[in-house]
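Next up: just one chain, as structure tokens, the form predicted alone.
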């Protein structure tokens, strides 16, 4: 089952990436020719690819850090409030988590709309367009990504905190440790397995963001200023009918995510051995 769901699609992706595969080959008008690493050479020789890759890495890193910070902070907050506010916060967060990405993106676009959005009215920004500038558009998308992603971190970390013995936290408090010191020296080390999971999940999700960027920036922003790798691959594969280049971008993304995950796990293992 795993082979059918994972190995075979990856094999097909890699196979297409080493052939010359465009609309002509799909329709049967021209034969498929083997290119080897020609598609990768063309991709790596394109300056736009490196710009998009850098933008993707920076944007994904900002999303991961923001999501983890908000999720962990709210998880700690859930342990400090009473049952009714805790239930209200949980329901609100789960509502954001359950909202489809395209729906959430549309709602956020309306909130920050230059003509009718309430955010500009409250802030007194007039007809300011958040999606016109490169950095403001990325910031707007980042807010939406964090909004729909932090509930997973919050719920998971909250469950981990509840599993920590209360005596441990009480002992740290009696020793005079601040809330930040308790989190850094007590909770974070004990929650390391959970933090590993949510961090890796966040890296994977945020690195391959597509819907939010595509919807909120109109397919990548003005002149492609807000492109990320997933949208860039979509443009190459479907807008330009260069399916082999789109597949090559997909393979590169897969290798990057595998490398980041393995390096992160290895670093954590080394830290665990030293501790």
Partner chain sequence: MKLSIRMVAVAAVLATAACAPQTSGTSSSDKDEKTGTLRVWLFQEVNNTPKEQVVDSVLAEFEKEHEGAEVTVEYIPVETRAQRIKAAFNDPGSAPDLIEYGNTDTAGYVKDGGLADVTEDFRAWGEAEDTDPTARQSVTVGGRVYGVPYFVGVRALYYRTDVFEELGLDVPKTQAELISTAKRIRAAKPELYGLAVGGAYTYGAMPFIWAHGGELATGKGGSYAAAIDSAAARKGIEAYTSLFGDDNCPAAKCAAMTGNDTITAFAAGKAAMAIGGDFSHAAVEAGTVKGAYAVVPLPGVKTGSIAPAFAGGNNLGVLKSTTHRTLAVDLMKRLASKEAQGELFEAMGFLPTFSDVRQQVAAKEAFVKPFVETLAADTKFVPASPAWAQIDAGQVLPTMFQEVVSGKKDVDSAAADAAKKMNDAFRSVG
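Remember, it's a predicted structure, so these values are computed and weren't measured experimentally. Numbering follows the first chain given and starts at 1.
There is another form of the same protein, the form predicted together with the partner chain; it is not shown, and what comes next is about it.
Chemist: Even though the partner chain is not shown here, does residue 264 get within 4.5 Å of it in the predicted complex, heavy atoms only?
Modeler: No, residue 264 stays farther than 4.5 Å from the partner chain in the predicted complex.
Chemist: Evaluate residue 167 for contact with the partner chain in the predicted complex, applying a 4.5 angstroms cut-off between non-hydrogen atoms, and reply yes or no.
Modeler: Result no; residue 167 lies far from the partner chain in the predicted complex.
Chemist: Tell me, yes or no, whether residue 119 is in contact with the partner chain in the predicted complex, where a contact means a heavy atom of each within 4.5 Å.
Modeler: Residue-level check for residue 119: no, no contact with the partner chain.
Chemist: Any of the heavy atoms of residue 54 lying within 4.5 Å of the partner chain in the predicted complex?
Modeler: Taking the distances in the predicted complex, the answer for residue 54 is no, it never comes within 4.5 Å of the partner chain.
Chemist: Can you tell me which of 111-119, 89-97, 75-83, 173-181 lies within 4.5 Å of the partner chain in the predicted complex, counting heavy atoms only?
Modeler: That would be stretch 111-119.
Chemist: So the partner chain isn't shown here. In the predicted complex, which residue out of 211, 230, 66, 242 has a non-hydrogen atom within 4.5 Å of it?
Modeler: In short, 242.
Chemist: Output the sequence-ordered list of residues from 174-201 with at least one heavy atom within 4.5 Å of the partner chain in the predicted complex.
Modeler: Heavy-atom contacts to the partner chain in the predicted complex: nothing from 174-201.
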